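Just one chain is shown here, as structure tokens, and it is the form predicted alone.
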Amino acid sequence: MTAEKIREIVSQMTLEEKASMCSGADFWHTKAVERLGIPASMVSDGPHGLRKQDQEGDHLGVNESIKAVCFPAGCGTAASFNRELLEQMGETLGEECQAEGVSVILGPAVNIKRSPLCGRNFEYYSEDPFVASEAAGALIHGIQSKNVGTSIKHFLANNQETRRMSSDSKIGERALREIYLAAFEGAVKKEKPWTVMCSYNKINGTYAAENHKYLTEVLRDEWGFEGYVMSDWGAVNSRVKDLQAGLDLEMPSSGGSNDKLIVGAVQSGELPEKVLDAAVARILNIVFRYEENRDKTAVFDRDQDHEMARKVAQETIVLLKNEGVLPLSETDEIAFIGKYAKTPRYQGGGSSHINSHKITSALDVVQGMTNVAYAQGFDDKEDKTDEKLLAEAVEAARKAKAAVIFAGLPDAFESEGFDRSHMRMPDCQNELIAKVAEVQPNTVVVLHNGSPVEMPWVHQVKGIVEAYLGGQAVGGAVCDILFGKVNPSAKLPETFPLRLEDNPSYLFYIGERDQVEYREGVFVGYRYYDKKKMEVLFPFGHGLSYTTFAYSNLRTDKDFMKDTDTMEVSVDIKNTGDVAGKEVVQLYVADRESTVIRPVKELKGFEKVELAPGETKTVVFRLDKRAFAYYSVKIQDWYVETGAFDLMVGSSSRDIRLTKEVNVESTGKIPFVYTTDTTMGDVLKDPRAREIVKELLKMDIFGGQKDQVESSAASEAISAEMNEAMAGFMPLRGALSFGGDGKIDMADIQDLVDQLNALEES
């Protein structure tokens, strides 16, 4: 429907009807206005499956939803590093939504994994904003290709579950721009989601729902977002302020109470009616976009989509460790151990919980294989060792040629609504792994979890497979990896630290009551661990394969560029093994010398390439200004410092294979304001300024006592370097105290400052 037609409909609506459009009719539907032909529109939870509730609704997964297909959660799909695969998954979800009459699926969720403790990390993609934004963009592209909307969430800085409806995220502007906003920015700009969901929390003192800076100035004015903003369920705190800030749709229904507030605010003049009209127009645009593109022929083929879920899961499973034990032989005596071999933990709890139409466990897959024995090993109802189950598991492992332990985190350990209190697995599972490894040298651990865990047994086992929360077909996908039918190709989208205390947010995560300080700034995840040169359990980007890859011939189409240009980066990748495989090639950029504190390197590109044995392919990246820039708070914009940068290509953040230096010239400028407190060293960085202060340079900072100092024993403590450093760190006003001999006064210093500022402005 055209914008003109929508404006015409809005003009025919009563004030009460317009206000009513800005809140839900119930838990999942927008309101209808039958006399004007405006239909109700249904939204539904996602983002890794369709949690459609036709009757009684809730937002925590308590009530029953329709039978659907659970795909791998965000923690896993990001590990695929495969945009094309995520698009295909999105297309499948979009088709399901069309078949079920759902106009908008609530997702993807792109909040940054600030800490391993966040209870909702299993839904989120990464600690890195580029990975999060690219993964989200691919899923959005796929879903919306079926004329179904997405709702990218939770905007903004919603990185914990504790006190999530009242907490205040205290974050500096640079960290917001480079980390937390950046996760949304690329996906919003490139893929144009139909809607955005705002979060519960405050950002620097203002609730997300009433934050005009981010909902309007950044989201709409800067990024060009054209859809409507909806609240997270129950996030509305002050309806009129929220509407003025840019929050269009309140969900769920407020029973008409907030509609009355809007009507009253318009009637009193507090709220301009044009603000309400704009919100209604944005909502109607999406309602009619879906309605006019309904696909009545769409079919929800659950069995077919189950196979798609298995295909996705195959590329979300990360091979963390392999000391020659994998792949397993299908003819060897093998023990499958652990409750999750039979009843896998394949999804998280809360609003994304899917009522799966069927579940394939690893034990289901090997049911006909008489050489595979099973022992439960543990129960996850409570963290308590069952000596009988433990003994059975150890005995089964002892008799086998290899043991595979299916372990991880129980539902009670991670879910929407609460945060983890530690990073450990249940003690009973750690004990099981240790006891089995004592009797079986060929032990493999398969992990089912939504976020990193500590692994006290890491050196006792030969293989570790991170299955994440792999969806309802996870058992089939895991067996495909274990037996070598599929070559693992996933990479970690987050760092696994050795222990929780190593995490950069450790001291301040959760915060004090409602105040949460993000003191780590831009140093989230690998940005912190690399800067600190810290040992980690498994680094960001890590993931093994059953083949090997060689990197060569890193080259660029230019060695020098202005920040207004783009640069093409190419590298050759060869499969040097004897089986086909896929490699995730990662491109990091490092600023050789920066005047601001920056990470050692940052991911600026990744591509997944499939190679037959012996085959070589060229992978190409394109870099623009943002690949080299940091966000300058002074100029409120992205800025590149002129100088040398290293392009680093590798298989993980800690496995850099090739490096090449390039030079970038800045076309921008950060104004420098001189004061009497400006140091001499900062003045001398500009050759033109040196001429203005040349008389000061002749002064002796020791107040004319240089000869005396040189002839005394104290001369041993004063070097030329010390003298130069002291002069460099001396503020201009210091000339009054050191070496001035009354020949210069404060008026003279101020005159020099004025000349310097005039030079800066010229």
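These numbers come from a predicted model, not from an experiment. The numbering used is simple: start at 1 and walk along the sequence shown.
There is another form of this protein, the form predicted together with a small molecule, and it is not shown here; the text below is about that form.
Between the small molecule and the residues 120, 114, 448, 527, the one pair within 4.5 Å by heavy atoms in the predicted complex involves 120. Scanning 197, 477, 208, 492 against the small molecule in the predicted complex with a 4.5 Å heavy atom cut-off leaves one residue, 197. Highlighted residues 81, 314 and 583: none comes within 4.5 Å of the small molecule in the predicted complex, counting any heavy atom.
In the predicted complex, the small molecule sits within 4.5 Å of a heavy atom belonging to residue 351. Interface residue remark: residue 404 is not counted as part of the site for the small molecule in the predicted complex, having no heavy atom within 4.5 Å. In the predicted complex, residue 164 approaches the small molecule with a heavy atom inside 4.5 Å.
In the predicted complex, the small molecule stays beyond 4.5 Å of every heavy atom belonging to residue 185. Stretch 147-155 is the contacting one of 459-467, 564-572, 147-155, 675-683, since its residues have non-hydrogen atoms within 4.5 Å of the small molecule in the predicted complex.
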